[in-house]
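Only one chain is given next, in structure tokens, and it is the form predicted alone.
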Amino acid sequence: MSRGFENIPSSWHEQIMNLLAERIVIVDRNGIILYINEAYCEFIGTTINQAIGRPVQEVIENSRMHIVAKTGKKELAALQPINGSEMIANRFPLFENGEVVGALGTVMFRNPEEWRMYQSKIQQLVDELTYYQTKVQKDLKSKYSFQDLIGTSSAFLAAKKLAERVSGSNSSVLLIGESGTGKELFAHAIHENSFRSSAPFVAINCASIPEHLLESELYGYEEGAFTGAKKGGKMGQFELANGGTLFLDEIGDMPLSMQSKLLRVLQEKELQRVGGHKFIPVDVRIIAATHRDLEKMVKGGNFRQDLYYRLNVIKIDIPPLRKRKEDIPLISMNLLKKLEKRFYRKGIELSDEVLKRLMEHTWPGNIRELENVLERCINVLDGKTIQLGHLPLYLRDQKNECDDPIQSTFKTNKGTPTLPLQPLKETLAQAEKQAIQHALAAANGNKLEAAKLLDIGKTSFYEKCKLYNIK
């Protein structure tokens, strides 16, 4: 007996064996039954007294226990015909001083039906696991390629060609552009065109995650790291992206306290989970994006200079829609095809008047605003042609806009003031209110997006909405 087993009372032994396996038989090296439990006897229609001391092949139909006791080779999950059915048995040789002295046999399933019932339960778990694995793998794949980046304007093509050229590199990429210009689509396309395309693509928005959660989201945490931490801990986005690409959207909104840790991970290519002590190696390509002026933030002390240079290895400027208006017809038709699938519609077109109005607009919300406008039109569309009446009110009533929205507030096409002369404070307040309303319309009512369009903080934006009674 192994050390410690002698402490177990002998009266417990049979009970333990019955609990470990419902049906069990033990034979010596000659195949003579030394032990068989009641469950096994009941299964084969005999009694313990009738079975013990007899050759196993005389008691158990089609038994191979005597063979295993001689060969010393185990047989796992073996089918054994018995009582007009087939059971599934395991047979293990027993050794003493290196020599085979007997064999132990257990019955896992008494018949195929019992096996099928067990298999069905297991299969449900396997199917569920496969479903979630497939879902995670799909979520961690790039969704767009360079073919999905639509446009023929020179500024856009220059950005696209540069992105294609550097996609095969391991260097960090910094995507600069206003909100809604398609920075995330560029990131997806770069990953899809890289040698990392079969590895994960993980995207995280640094502006949408509260500061106290951002560290654990990026780097993961160990069990017990903080109140509410999951048992077993959690893998962070860096580990999920290992071997692939991590897209850090709105990097300009990352708190200074987090920037130093990010810089260290990028330099050392290893991380520590929150509450952890060991270093975990990671191989990740970084693509960062922002609508902010990072150089100005560096000068103002709001962004680390060393991190900026680490991210700004390859900078790609994505032009706003107002600087590539010749692409609007092509982008609009592409967006309509995408929206047609979502709304189960076909053959939707833009009237000449609508296309002209779209070309006149300055698009502060860029392609995201254009998609919101077209989606709104389809929702109220009866036929197949989008007319001026289907456009949102702010576009329907719009006159020719000049590039400066403040100027357009004060002047008509002839330059005549549209607002009466009044104290400067009131004039600026009125212009500010109109700018907020315009931004909200462009962002389809999303206040966070509208704040980004105006390049002001979320708190400041909400305060101004309250001040001007804007819902």
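Source: prediction; values computed, not measured. Numbers for residues come from their place in the sequence shown, where the first is 1.
The same protein also has a form predicted together with a small molecule, omitted here; what follows describes it.
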Name the stretch: of 183 to 191, 273 to 281, 196 to 204, 302 to 310, exactly one has residues whose heavy atoms fall within 4.5 Å of the small molecule in the predicted bound form.
-> 183 to 191
All three of His361, Ala435 and Lys447 touching the small molecule in the predicted bound form at 4.5 Å, heavy atom to heavy atom?
-> no
Go through Glu371, Glu239, Asp253, Glu215 and name the one with a heavy atom inside 4.5 Å of the small molecule in the predicted bound form.
-> Glu371
Partner-contacting position among Glu86, Glu178, Glu375, Glu222 - heavy atom within 4.5 Å of the small molecule in the predicted bound form | Glu178
Exercise: Lys338 in contact with the small molecule in the predicted bound form, heavy atom 4.5 Å = yes
Applying a 4.5 Å heavy atom distance criterion, does Ile328 contact the small molecule in the predicted bound form?
-> no
Tell me, yes or no, whether Ala163 is in contact with the small molecule in the predicted bound form, where a contact means a heavy atom of each within 4.5 Å.
-> no
Look up in the predicted bound form whether Ile209 has a non-hydrogen atom within 4.5 angstroms of the small molecule, and give yes or no.
-> no
